[in-house]
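What follows is one chain in structure tokens, specifically the form predicted on its own.
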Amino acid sequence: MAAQEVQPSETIAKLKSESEALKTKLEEERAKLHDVELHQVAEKVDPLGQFVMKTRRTLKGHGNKVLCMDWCKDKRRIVSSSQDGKVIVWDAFTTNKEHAVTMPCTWVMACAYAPSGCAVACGGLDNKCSVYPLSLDKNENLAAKKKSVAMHTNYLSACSFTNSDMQILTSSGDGTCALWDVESGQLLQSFHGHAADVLCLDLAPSETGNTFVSGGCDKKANVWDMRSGQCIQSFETHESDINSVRYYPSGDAFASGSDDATCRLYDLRADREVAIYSKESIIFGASSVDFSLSGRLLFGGYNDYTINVWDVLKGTRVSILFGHENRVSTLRVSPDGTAFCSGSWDHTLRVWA
């Protein structure tokens, strides 16, 4: 008996409509949990007073756009990478440069400090993530000790060490994220689920945290289980590319910044978006977001050269910081929460407090 012929296009159309129906169902289920807005709950909370933040240090030395930066756990050192292929380690107190590496490629889009402070990782258009051990000997040639850890099939967009120096998590323009062993360069786990370039990632803050969140050009923010490689939650409410994701300090929520000129807050336990940080007057995309140590403030770096500071609970803007002369590309709060650093296409980094 001949099996009934089914056209592949028919089955695809059928599956598509089925997935759309399931999506609608999911949205309905999520909507049932939506009982009250965050700013309504926060109405009784005292408003934030006036606070003054100024540029306390300006780090000059990159010959081109600063693309990424990361703080060392010692709360003092900073690593930054730029379009000219340079990776510089700075002392943020004295503004001295402690190490400099010239990468074999331009557009070094990702850099990260190892938890021990003894190494930095970086990569970009070379599709690789390279780890450089840092030594106290200032004259030592760092490039000779370079170790290529990760290989993607497209540019590296972000990298981050897990809670040890031994593993590194990367995201790439090839649409995947991956977990690598630093010593052997072995791929431990890969994460497939984005339909376009992955632009950013952030690890869950808890010591036991085996999850991370990633955002990309498919307008999706996905939460992943590092052990299984599965996507466990996905949020698609942005209207354009997601440039930055950052966990709330408690690990129960995360914020995202997007080219649609908004930042958004997603609650993982309620499984939904709970706040949008936007104003009519803000029309340029947000390139980078980070929380203050308490989680009450959300700092956003924007393409109109400004940094907006948002009250996370009330959803209002509490401050706007001027100083950079080109778009703000990267922003990180220091590990002790006393300052934050921003990097810009104006070739400089600024430390604010």
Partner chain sequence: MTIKFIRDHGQHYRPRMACLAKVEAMVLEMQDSKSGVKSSEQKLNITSIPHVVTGQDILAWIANHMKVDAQEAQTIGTMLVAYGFIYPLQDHKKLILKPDVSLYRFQTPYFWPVQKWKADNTDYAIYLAKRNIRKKGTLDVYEQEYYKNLHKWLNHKWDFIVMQAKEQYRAGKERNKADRVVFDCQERAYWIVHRPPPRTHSAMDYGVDRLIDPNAEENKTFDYYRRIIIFTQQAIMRSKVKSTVSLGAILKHMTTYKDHDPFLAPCLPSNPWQTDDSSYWDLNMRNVEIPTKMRVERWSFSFFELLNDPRGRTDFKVFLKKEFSGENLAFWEAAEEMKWGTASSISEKAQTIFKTFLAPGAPRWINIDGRTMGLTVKGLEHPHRYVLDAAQTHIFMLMKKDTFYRYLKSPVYKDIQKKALSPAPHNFTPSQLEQNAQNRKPGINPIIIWQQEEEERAKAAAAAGPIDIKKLMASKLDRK
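Only the largest set of C-alpha atoms that superpose within 1.5 Å between the two forms is called the rigid core. Remember, it's a predicted structure, so these values are computed and weren't measured experimentally. Residue numbers count along the first chain shown, from 1.
The same protein also has a form predicted in complex with its partner chain, omitted here; what follows describes it.
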(request) Counting non-hydrogen atoms within 4.5 angstroms of its partner chain in the predicted bound form, say which of V101, C72, L169, V149 makes the cut. (result) C72
(request) Evaluate L136 for contact with its partner chain in the predicted bound form, applying a 4.5 angstroms cut-off between non-hydrogen atoms, and reply yes or no. (result) yes
(request) Answer for D84 alone: is it within 4.5 Å of its partner chain in the predicted bound form, judged on heavy atom distances? (result) no
(request) Spell out, yes or no, whether the shortest heavy atom distance between I276 and its partner chain in the predicted bound form is within 4.5 Å. (result) no
(message) Taking its partner chain as it sits in the predicted bound form, is G61 in contact with it (heavy atom to heavy atom, 4.5 Å or less)?
(response) no
(message) If you apply a 4.5 angstroms heavy atom cut-off, which residues in 249-279 are near its partner chain in the predicted bound form?
(response) P249, S250, D252, A253, D259, D260, A261, D267, R269, A270, D271, R272, V274
(message) If the two forms are fitted on the core, does D46 show a Cα displacement reaching 2 angstroms between the shown form and the other one?
(response) no
(message) Relative to the superposed rigid core, does E27 relocate between the shown form and the other one - that is, does its Cα move 2 Å or more?
(response) yes
(request) Take the rigid core as the frame of reference and indicate whether the C-alpha of S17 shifts by 2 Å or more between the shown form and the other one. (result) yes
